[in-house]
Ligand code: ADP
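Presented below, as structure tokens, is a lone chain in the form predicted alone.
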Amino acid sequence: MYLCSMSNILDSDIKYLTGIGPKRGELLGKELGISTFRDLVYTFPFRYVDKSKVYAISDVSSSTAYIQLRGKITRMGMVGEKQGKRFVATLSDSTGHIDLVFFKGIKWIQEKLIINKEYIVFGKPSIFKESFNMVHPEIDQVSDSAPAGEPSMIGIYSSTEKLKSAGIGNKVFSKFVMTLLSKHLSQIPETLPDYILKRHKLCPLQYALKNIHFPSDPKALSAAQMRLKFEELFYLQLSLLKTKKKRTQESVGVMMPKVGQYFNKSFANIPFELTGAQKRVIKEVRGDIMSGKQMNRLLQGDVGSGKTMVALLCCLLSADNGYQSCIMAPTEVLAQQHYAGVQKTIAGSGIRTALLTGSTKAKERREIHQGLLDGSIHILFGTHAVIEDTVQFLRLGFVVIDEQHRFGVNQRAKLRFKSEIAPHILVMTATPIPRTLSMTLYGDLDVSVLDELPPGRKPIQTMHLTESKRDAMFAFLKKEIALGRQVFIVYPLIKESETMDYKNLEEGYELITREFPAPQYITAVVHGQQKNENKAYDMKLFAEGRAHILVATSVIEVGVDVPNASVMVIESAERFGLSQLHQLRGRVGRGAEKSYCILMTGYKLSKESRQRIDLMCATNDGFELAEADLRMRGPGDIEGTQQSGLAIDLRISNLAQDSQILQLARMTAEEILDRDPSLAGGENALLVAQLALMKKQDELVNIDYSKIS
């Protein structure tokens, strides 16, 4: 989230910066989203390299990122044929040698390099045929390697192959930033009030921007990072807390004080004791719906913690007070499952429910519409279909949004406005969210946590196997099936290519059907390219126990509840994130039998992949895994992909590492709003301007809050 006052030089189109022009400007926009001077100056390096240090070639290792070497060119020439043709120069020092490889600009580099001349080389080592090389490194003769005034700490920026191919490597990108700062830094206005800068001893914005890109020394870099991180997190918290304060003061909510027969009769049908956590959350919700203010509550609960039961009981309280409820789920499978799952609990209570999805037939749809309008339907279950304009309620009072990160903010707003008085809203997620992330993403919501599992649920045994153990794994599956159990086998979903997903799954399906032949074994298959009716048929086949194995992509990550399934096999488990692995694992262990999760991987695993797999085998605690996931993902990978997946555009903050700055930012925002709730004081005029700019920028980039997870 980057901030600057409006109508200034930073609003200029990037193509007008010296050295860029229309063609490069268009490319920077497409590849990195840089379309203005502001975008460029707020695209920060994700790593810094100390160019004052020169390493020996023998120091190069597989964990080395960018490195600076010094040596003589001892050999050079063209290698390979056709597309594989490349220019290779060998750099040698007293400790060893490394190949410098060039696929483009060959004529220029051939003219530049001279055998037995000494050069300074700066680049990123990679391995090719078990030897290290550097592809397209920066090369300078020793005599001109360090021009006067050049900083020794060099920032490394995110890039793409298209930018590199167009000649916009790190050096050129850095030059663009240097041009902007040298010409326009003095025109960039301050964005934090003076009293905040003094109180927290923060450096001015111009100093911070100069030293975040071109640090004069580590101390200056640290001061710049602190200032920019605080600002980013402070304005985020100020925005969230101001929204919450305004809503709390102004919102009017439906009053629901009564507990009646719908709740009591259904509660008597529950065949088990609610956990202490479930009782606590229902009490928290009751407090909200009796307050006269509109409820906006987030319910976090690990897989299988009983969120759906809490949601149903809250909807029954709504019915007891004469209001209708709606439970919206992201997939048809999940909506159908919720609908079917509550029927035993509400039996004999007089509650009428309905299910509305994309595949609901026209005649049934008309009947549902009528039942909602005349109030005879108390609880509507459904998918996105429930937010269509044609769906109108007589008295909508309570809305539950399950797996809320699958829905955009506008979709949620549509449900809110289906009632004269805004209904109470309970959003639920089965993805455990670390506290720092929760504070950042949901700072305007009240948060409840289901941190207990229902009694009788046995921990799932998780094991890691490689290809050499595949036959043993198949034998184990046959043994479980012989005992009457069922098995999930999941293949990774590759976002870039649905075709690849399908091919991956298709090959797996063929292998499974060979190993588990019909009619002795029945195998169902579910993936994203199926028609809804085919998907529903195969899912039903498995859910009803008529198929022994379900082969699927991670489309089944959310919501499939098959108590008889005791084994989850996750193929290529190294390609899944921790929270996704945990979600998939949660599809088993729902019955009385002992359950297993088998993580299949290749032999070679990266350090991060091995950490993820080891953690999965060590714990079943989703919150512990979520904290670890946040720590491990850190600020981004080595190419600079920073915290992708967050709906909030955090340019510099890292929620895993900056929790203390986040606390400080939130505390500062709270104190300011306690003193001046509407920010009407003259000293806060800048804060009002910055919040307005944030709102404008969010609208411009059309932030989709459905990506929060």
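These figures come from a predicted structure and were not determined experimentally. Quick note: we count residues from 1 along the sequence shown, nothing fancier.
We do not show the form predicted in complex with adenosine-5'-diphosphate, though everything after this point is about it.
Out of the listed residues Arg612, Lys535, His213, Lys307, Lys307 is the one that sits within 4.5 Å of adenosine-5'-diphosphate in the predicted complex by at least one heavy atom. Proximity to adenosine-5'-diphosphate in the predicted complex, defined as a heavy atom within 4.5 Å, holds among Lys245, His97, Lys540, Arg457 only for Arg457. The shortest heavy atom separation between Arg590 and adenosine-5'-diphosphate in the predicted complex is within 4.5 Å. Although the partner is absent from this view, Glu284 stays clear of adenosine-5'-diphosphate in the predicted complex, with no non-hydrogen atom inside 4.5 angstroms. Remark: Glu161 does not count among the residues lining adenosine-5'-diphosphate in the predicted complex, judged by a heavy atom distance of 4.5 Å or less. When contacts are judged by a 4.5 Å heavy atom cut-off, Asn620 does not count as touching adenosine-5'-diphosphate in the predicted complex.
Just one listed stretch, out of 126-134, 459-467, 482-490, 265-273, contacts adenosine-5'-diphosphate in the predicted complex at the 4.5 Å heavy atom level, and that stretch is 265-273. Along 278-298, one residue reaches a heavy atom to within 4.5 Å of adenosine-5'-diphosphate in the predicted complex: Gln278.
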